[in-house]
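In structure tokens, the next block holds one chain alone, the form predicted on its own.
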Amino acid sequence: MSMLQVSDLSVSYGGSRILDGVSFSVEAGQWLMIIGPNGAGKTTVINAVSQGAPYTGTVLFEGTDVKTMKSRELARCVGVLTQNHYVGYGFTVEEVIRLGSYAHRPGLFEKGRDDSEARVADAVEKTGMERFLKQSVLTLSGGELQRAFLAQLFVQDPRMLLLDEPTNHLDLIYQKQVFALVRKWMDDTGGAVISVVHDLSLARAYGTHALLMKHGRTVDFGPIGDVMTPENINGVYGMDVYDWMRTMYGQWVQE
């Protein structure tokens, strides 16, 4: 059984079909990269899977329809990291990170986990946020803020991470840090990741599988090397992407 099985996923807004019959699956230990040009519907896939957008079709997490899950149950299965965090409150970094414990707080008749302090300490250490704990999140840079919310996800302790362009607008050093942290999380937990990315080099470097999309439809899905072929990529982007990448790389090759 797949960790996540998405079948015939379709989303419409105002009479316009944004997603049209998208299907894919993700196994434990896999990192699925969702790639394609602007307007392909990549972010909408993340929104639908995380129950942030109405859809038709089915989304099953380990065989259970996610529409039937309560919010805490869903949070223990999937965690979402977006590209932008519009924070208008003066919470400290520590307070923001601790919000990740929500998924494991006991309900009226439930027994909660007692390892929240250990999970918070581990998440803070992994993301290198120790020196920012008492600082307001309003004072953080973009990369620091993204690491704070990534730490919150680690405290949440889901089985799968959904990342919507997690390093968009971040400096190179922060791109490297975030993707390295996510890969280590995968190695440590055996979890799975789905990422929306624009940078095809990042997709190729970190992904195990890819979902290539255009105009809300699936062009190809499978192992990353099978999907990111010159024929597929050049056809979707309407240009010789491989030649362009070689040209850009050539500027950095020293004689």
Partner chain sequence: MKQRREGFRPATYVLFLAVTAAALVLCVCLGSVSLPLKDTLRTLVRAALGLAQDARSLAPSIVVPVRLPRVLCVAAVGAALSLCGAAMQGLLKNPLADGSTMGVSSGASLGAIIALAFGVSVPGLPFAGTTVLAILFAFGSLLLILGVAYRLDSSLSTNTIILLGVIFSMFASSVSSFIITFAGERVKTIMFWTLGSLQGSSYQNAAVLYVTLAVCGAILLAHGRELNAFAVGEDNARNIGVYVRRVKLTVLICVSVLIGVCVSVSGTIGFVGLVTPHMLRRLTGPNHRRLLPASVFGGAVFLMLADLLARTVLSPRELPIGVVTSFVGSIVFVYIFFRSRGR
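Residue numbers count along the first chain shown, from 1. Everything numeric here is computed off the predicted structure, so don't read it as measured data.
Omitted here: the form predicted together with its partner chain. The next part is about that form.
Trainee: Using a 4.5 Å heavy atom cut-off, which of 189 to 197, 48 to 56, 220 to 228, 27 to 35 contacts its partner chain in the model of the complex?
Mentor: Partner-contacting stretch among the options: 48 to 56.
Trainee: Can you tell me whether Thr167 touches its partner chain? I mean in the model of the complex, with a 4.5 angstroms heavy atom cut-off.
Mentor: Output for Thr167 is no: heavy atoms all beyond 4.5 Å of its partner chain.
Trainee: Classify Leu181 as contacting or not contacting its partner chain in the model of the complex by the rule of any non-hydrogen atom within 4.5 angstroms, answering yes or no.
Mentor: No, Leu181 sits far enough from its partner chain in the model of the complex that none of its heavy atoms falls within 4.5 Å.
Trainee: Please tell me whether any heavy atom belonging to Leu172 falls inside 4.5 Å of a heavy atom of its partner chain, as the geometry stands in the model of the complex.
Mentor: Leu172 lies outside the contact set for its partner chain.
Trainee: Classify Lys126 as contacting or not contacting its partner chain in the model of the complex by the rule of any non-hydrogen atom within 4.5 angstroms, answering yes or no.
Mentor: Lys126 lies outside the contact set for its partner chain.
Trainee: So, a 4.5 angstroms cut-off on heavy atom distances: do all three of Val96, Ala103 and Gln152 pass it with respect to its partner chain in the model of the complex?
Mentor: Looking in the model of the complex, the three residues Val96, Ala103 and Gln152 all sit within 4.5 Å of its partner chain (heavy atoms).
Trainee: For the stretch 15 to 48, which residues lie within 4.5 Å of its partner chain in the model of the complex by non-hydrogen atom distance?
Mentor: The stretch does not touch the partner at all.
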